[in-house]
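Let's start with one chain on its own, the form predicted alone, as structure tokens.
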Amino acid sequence: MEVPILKQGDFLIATFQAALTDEDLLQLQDALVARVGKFRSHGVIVDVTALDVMDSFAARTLRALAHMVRLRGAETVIVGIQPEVAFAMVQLGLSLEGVPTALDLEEGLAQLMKASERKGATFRGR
């Protein structure tokens, strides 16, 4: 199942519609990393609101995706982790260490805008 990737200004938004296979996750990772360069995006939001479970492969893939996107010059925010998913992840020792998370899309966009502003201020300050 292909995950739709929308362009919203300087940001890309990928919204999971349902649970994905491991291959779907890898295809999403490749597509997002490529589109960051194609659209010169400053940030990526991955919305996992529809997921009612996250296994270790999905958590590792999302963490790797965020690091790859960062190497391409953009930031990633994971949004919409459901309470039961968060509980299960903690119980299983799964982590999105180093990857910002937000409650919802609105909060995720706000985080990316702040990060983009800070990054711009840093470059202008030199």
Partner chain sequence: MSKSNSKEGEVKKVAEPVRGETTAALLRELVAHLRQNRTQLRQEWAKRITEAKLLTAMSQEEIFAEATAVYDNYVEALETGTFEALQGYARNLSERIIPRGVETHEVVGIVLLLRDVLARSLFAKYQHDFALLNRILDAYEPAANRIANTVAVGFVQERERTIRQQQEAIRELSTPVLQVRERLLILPIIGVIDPQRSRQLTEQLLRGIRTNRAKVVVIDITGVAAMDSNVANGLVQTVEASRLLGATVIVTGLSPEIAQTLVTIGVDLTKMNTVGDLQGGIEEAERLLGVKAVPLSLIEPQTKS
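Residue numbers count along the first chain shown, from 1. This one's a predicted model, so the numbers in the text were calculated from it and none came from an experiment.
Quick note: we don't show the form predicted in complex with the partner chain, though the next part is all about it.
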{"property": "Partner contact for residue 10 in the predicted complex: the partner chain, 4.5 angstroms, heavy atom", "result": "no"}
{"property": "Residue 29: touches the partner chain in the predicted complex, heavy atom cutoff 4.5 angstroms", "result": "no"}
{"property": "4.5 Å heavy atom contact, residue 34 and the partner chain in the predicted complex", "result": "no"}
{"property": "Touches the partner chain in the predicted complex: residue 14 (any heavy atom, 4.5 Å)", "result": "no"}
